[in-house]
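A lone chain, given as structure tokens: the form predicted on its own.
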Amino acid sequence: MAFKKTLIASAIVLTGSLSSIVSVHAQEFPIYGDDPLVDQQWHLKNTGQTAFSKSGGIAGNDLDIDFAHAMGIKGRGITVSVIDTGLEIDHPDLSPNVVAGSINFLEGEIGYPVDNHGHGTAVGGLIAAEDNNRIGGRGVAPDANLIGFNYLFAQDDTNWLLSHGVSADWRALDRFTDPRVFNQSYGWTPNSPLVHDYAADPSLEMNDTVMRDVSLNSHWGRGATYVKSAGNSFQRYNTNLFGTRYQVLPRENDRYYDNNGLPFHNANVTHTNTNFWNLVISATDANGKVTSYSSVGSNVFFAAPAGEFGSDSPAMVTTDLSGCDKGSNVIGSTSNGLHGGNELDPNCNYQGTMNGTSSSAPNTAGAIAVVMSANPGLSARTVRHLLVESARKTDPDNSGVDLSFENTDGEMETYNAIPGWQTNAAGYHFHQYYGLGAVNVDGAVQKALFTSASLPELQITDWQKITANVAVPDASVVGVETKTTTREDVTIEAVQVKLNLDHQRIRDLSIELISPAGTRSILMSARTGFLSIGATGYKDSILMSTHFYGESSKGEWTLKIVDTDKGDSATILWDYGTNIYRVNSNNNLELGMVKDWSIRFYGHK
């Protein structure tokens, strides 16, 4: 599971039609090798296996990677940074791929990034566990290089810089480190919208500046990619208030954990998840559906396998801290059939219960390393683009969520709070749960092999500010709209909105952005579990959407705000003891006010 931040290439020659080869890869290119656990790693090739749980998934819901592996395209020459609890670099399935560059922040020295938890070691195995060595399983990029950092247990600005690709002097941006892929399987869940203000939080400027420069200018201009887990708060989340830790959960229709089918928290809340340089990843299970826990939102770029909990249904089979006395797999543990000293793993060096968007992120990081190794000359943005072009529509029948509520006149209204799969004006499919689709490695590798030029230079437009000062009607699907016209013509890769909005109960609000072509993206879904304690709205808060990918920025953009509740629901705080508190149960006494908003575009000419 993802932690709170507070805790926390190959050269080949092919003849004939590559597309015809790829089209039959599922039958002709199985996952080869003698790794004893690989046939249970459903994220590599899903045959419906149980992964040592009680039941299996649906065949075909995997990373679509067997063609690339069969052709020897496995991440060679690409270094991946594991920024986590650490990394057991002498693990027998990891050590062959470990290269110089790891740092032990706990001791303040270069070398062994001690992992006292096991989370980072599991992440590293998903990315680049060695293949064909007759032990364990394999990584998505089994020939990639690995370095690790125990950053989550030693968080400060210097350690952030060193683990994210530059020297400790962040303004000396010509001193890059080696990784082309950075995996961040961590995050936190704010209980209210965050202010995006460089003056108030100087680390924001540092993060944005460093990630932009590494993403665009490292590796002789080819750049690097930061991969970020979306979060694990679909149903509930934890927060600290006045020194007490609470679980925050919804209560609707007189039932706890009932949020009318809507996600209780949104991946678009934290700074790191609304940063264009981070590729935000949601999680799917072995049936190809969004997991029970995965945070979702319009900022999600892709979905990737992660699984459930490894007891009733499959989780991830990956590396664990070595030995049966530490990590997740210990003697006496029976939640998963691999645990406790299985004959396939008598030394308890592997586990079968890794999950969370902490797993979908490294599966994507490994996928990116594979595509990069297929054509190392391509820019990191181009590799991202090829993954967009090849992404597949998972859970294709998912119709989203319609929310019914009583308006201020006592009449029932229905609002399409989460649309099903949509197709934007550029022809790309997208969904609130899955971003631009499920990662398809073979499709992206095919495109990379025959792509000779990178995307044009990235364009970032200036913020365009719109003064609105319009009221938000209470409990009405009509909502309020405010518009602006953009003259710049950029082919969009992502859109950011900065919002100033006053409202006494912002959990009621759905925030939509509609493009000139009519594409509708839900920037913040209704009934998101914000607390009203000390928060009265959005103040310079940034929201991001990937849903307009490939569309033109030119034309009229519409921001729409819809209030979906007149006071019938509540948010619950539970202190993990005996006390349960109701908050947000009273409706806003005054109408909300959209004060102003700004919009900017990332894309290319």
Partner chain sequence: MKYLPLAIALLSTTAFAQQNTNNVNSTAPADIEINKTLSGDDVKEANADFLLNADHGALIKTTGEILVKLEGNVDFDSFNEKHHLTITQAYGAFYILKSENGTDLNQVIEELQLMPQVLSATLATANMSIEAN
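Positions refer to the first chain, counted from 1. Quick caveat: nothing in here was measured; it's all calculated off a predicted structure.
One more form of this protein, predicted together with its partner chain, exists but is not displayed; see below.
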Original post:
Could you tell me if residue 583 has a non-hydrogen atom within 4.5 Å of its partner chain in the predicted complex?
Top reply: yes
Subject >> Partner proximity in the predicted complex: residue 354 to its partner chain, non-hydrogen atom cutoff 4.5 Å >> reply: yes
Subject >> Exercise: residue 183 in contact with its partner chain in the predicted complex, heavy atom 4.5 Å >> reply: no
Original post:
residue 219: heavy atom within 4.5 Å of its partner chain in the predicted complex?
Top reply: no
Subject >> Answer option from 468, 71, 477, 210, heavy atom within 4.5 Å of its partner chain in the predicted complex >> reply: 210
**OP:** Taking 4.5 Å between heavy atoms as the contact cutoff, choose which of 342, 398, 192, 416 touches its partner chain in the predicted complex.
**Re:** 192
Subject >> Which of 303-311, 446-454, 106-114, 433-441 lines the interface with its partner chain in the predicted complex (heavy atom within 4.5 Å) >> reply: 303-311
Original post:
Is any part of 202-217 within 4.5 angstroms of its partner chain in the predicted complex by a non-hydrogen atom, and which residues would that be?
Top reply: 202, 203, 205, 206, 209, 210, 213
